[in-house]
Ligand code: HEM
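In structure tokens, one chain follows: the form predicted on its own.
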Amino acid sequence: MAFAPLPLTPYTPPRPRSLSPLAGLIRTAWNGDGNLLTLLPASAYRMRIGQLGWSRRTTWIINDPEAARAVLVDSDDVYPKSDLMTGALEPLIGDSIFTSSGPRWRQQRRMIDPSFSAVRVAAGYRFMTGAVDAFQQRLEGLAGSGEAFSLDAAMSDLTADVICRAVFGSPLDGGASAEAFAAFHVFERSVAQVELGRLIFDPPFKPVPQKPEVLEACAAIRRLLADLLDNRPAGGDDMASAILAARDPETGAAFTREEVIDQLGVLFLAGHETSASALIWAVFILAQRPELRARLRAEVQEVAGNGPITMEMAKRMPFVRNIFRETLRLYPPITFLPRVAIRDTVVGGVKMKRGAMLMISPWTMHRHQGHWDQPDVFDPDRFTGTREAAIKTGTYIPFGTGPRVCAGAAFATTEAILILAELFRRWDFEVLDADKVQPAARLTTRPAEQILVRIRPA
């Protein structure tokens, strides 16, 4: 870059305080908020492969990158998605690409991949810019009034609008956005996957009943998706049309209507909920660090000036990209990638019994003391030059790894670069009660309580 980068002051953003395994269990049970991060003992950030706490089924944390890859690649179909995870998500997204395993997953992946091709991401960029432009108008009103607002809800609204435009070809109106945010909030807080008692006392493969409010939230989201599908503009170049037209290249099979809604649910969950999670943390961190904002603005000014940010320009903003990458390292939206062994097996030289829960955790992998220098410090420059080359293969997995790597990774990264560049070249965010912000892991890595902010021109 032509400008001289300002030095970065070491900054450690919010993290949970690690306790002993028993103390962590007591703390999580006492809090009763389903925050799985508070269960993790200090040893979880040092161990290669080790057991996690006490439960009726053995739970293993796998921080060895080669062992983790073997489980996630699962060439012999021994480690399907955890029954707790699939039981939690099936009311919302059915037997879709996010919950299926084995041949069924491979068929769906063959059919879904073209919807996220580079060509389609490029075509979808105009949907991203349209949503960001509409969001900027809303921010102008909030800046003028000085009103405090929820950063969580704002990022959820923005990413829901982006994914709605990209998937259905039309913006998401305010009422539908509020309904979606409320339903996802209920789902994330109450779904049975995050119930401590079920994790500890239930045997492997026990059916997972869901609370009535969770089923109602899932039904509301699926109704919204069905309405958007049925009322989208005709002849559009959107992802829903691509999924409707998808055929298995080996069998010629198409998705049924319910299967289409299942897959749209995955796109909405991944493209809305997980993207919002990462952006909440990125905005929070940038709001705390003026030197990060200064470098971001200098890069955006050099590449785009005061004009529109094109997709080609977004590709030439490595510092903005690295802010997003470092945010994903410290706050990976999907905190745990749980698998279950369907037979006795050996992982990384360790014997594991049938029914064992295998936790590949981007959270612990990304903060592991053996994999990273100053693992809890926010340092986007670790993704540059020789420092990036020194990162151990398989220790950075915000989008998963192997054939199951997230199909929407390029879409999410492009979206985040655009949003962060556009927002911070125009606005400063003031976080209210910043010292009280703490992360929580339920379905995604979110703040334990919503973050309130005010906004003013930069």
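Numbering starts at 1 and runs along the sequence shown. Model, not experiment: these values are computed from the prediction.
There is another form of the same protein, the form predicted together with this ligand; it is not shown, and what comes next is about it.
Only one of 155, 314, 84, 328 lies close to this ligand in the model of the complex, with a heavy atom inside 4.5 Å, and it is 328. Scanning 267, 280, 300, 221 against this ligand in the model of the complex with a 4.5 Å heavy atom cut-off leaves one residue, 267. In the model of the complex, residue 420 stays away from this ligand, with no heavy atom inside 4.5 Å. Within 4.5 Å of some heavy atom of this ligand in the model of the complex lies at least one heavy atom of residue 275. Heavy atoms of residue 124 never reach within 4.5 Å of this ligand in the model of the complex, leaving it off the interface. With a 4.5 Å cutoff on heavy atoms, residue 412 counts as touching this ligand in the model of the complex. Contact check for 98, 337 and 406: all three have a heavy atom within 4.5 Å of this ligand in the model of the complex.
Listed stretches are 179 to 187, 376 to 384, 320 to 328, 143 to 151; the contact stretch with this ligand in the model of the complex is 320 to 328, by a heavy atom cutoff of 4.5 Å.
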